[in-house]
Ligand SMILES: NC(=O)c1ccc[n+]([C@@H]2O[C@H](COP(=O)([O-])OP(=O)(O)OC[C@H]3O[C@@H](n4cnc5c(N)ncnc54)[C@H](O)[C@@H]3O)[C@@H](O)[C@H]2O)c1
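This document opens with one chain alone, in structure tokens, the form predicted on its own.
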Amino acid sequence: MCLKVVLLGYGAIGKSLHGALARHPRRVHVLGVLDRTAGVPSAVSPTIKPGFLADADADADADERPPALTLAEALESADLIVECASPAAVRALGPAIIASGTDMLIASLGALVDDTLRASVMETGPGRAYLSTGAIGGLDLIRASAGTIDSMELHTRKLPGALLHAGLPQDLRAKITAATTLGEPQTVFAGTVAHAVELFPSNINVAAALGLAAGDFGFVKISITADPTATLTSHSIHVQGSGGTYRFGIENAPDPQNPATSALTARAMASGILRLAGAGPHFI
């Protein structure tokens, strides 16, 4: 089986993913990249804005990049469309991709905090939505424990620069930059998954993954620390419930091309795609 794949986004993650998949030509064939204009009819998503893939495509190398495809071309030819762009891309194109009968692998899990969007891509079909494990492990344990969980805590620590983006409120931006100025870690956020995704849409997918695995975003309490001394991005997770207590920690090297995301993210996506293409081992 050779899985035909189209990439939605070709920034740091998309380029790394393309390189990883290119090493398995008998398993996966990357047909192209969904063009940022995407050829999307206005009826598909009245809120779609030009350039919703702009950040995801910013570092693309024209010499290495696969050919650009319209949405219609992608839906006609792909077995799987792989989103490695942004929550906005999931909102704009996810429902149309799933409704077409094409499967989709989603990296920007924060978009699925929205109940309506989550239902349209995960429950309606006929296409199937797959969720990337991204920067963490242990989601199989959490999914198996769903229904027994009482609480979950996620403590994330990142370099201040990895948390900064254009849409941050000024007071939060000041907290993050203060960590650099003082040279000391500063807790810059404590709250819910929905609020974390609203403030940090591109770099707190871990929180959304935990909530999706548990079946309830309300279980997850999040704190984010901006740490100018951090050499690795860390996620400390504590799960407590009637079935047991679980603690696990992950420390990932940030992607050198985009420190807001982990270098593990593209590798995790490649691993998932290869499993869909039939490569083992298969843990269920």
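Given the structure is predicted, the values throughout are model-derived calculations rather than measurements. Each residue number is its position in the shown sequence, starting from 1.
A second form of this protein, the form predicted together with the named molecule, is not displayed here; the remarks below concern that form.
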Q: Among 70 to 78, 201 to 209, 167 to 175, 112 to 120, mark the stretch whose residues have heavy atoms within 4.5 Å of the named molecule in the predicted bound form.
A: 201 to 209
Q) Does the 4.5 Å heavy atom contact test between residue 156 and the named molecule in the predicted bound form come out positive? A) no
Q. Even though the named molecule is not shown here, does residue 11 get within 4.5 Å of it in the predicted bound form, heavy atoms only?
A. yes
**Q.** Partner proximity in the predicted bound form: residue 107 to the named molecule, non-hydrogen atom cutoff 4.5 Å
**A.** yes
Q) Closest heavy atom of residue 135 to the named molecule in the predicted bound form, within 4.5 Å or not? A) yes
Q: Scan 233 to 272 and note down the residues that get a heavy atom within 4.5 Å of the named molecule in the predicted bound form; none is a fine answer too.
A: 258, 261, 265
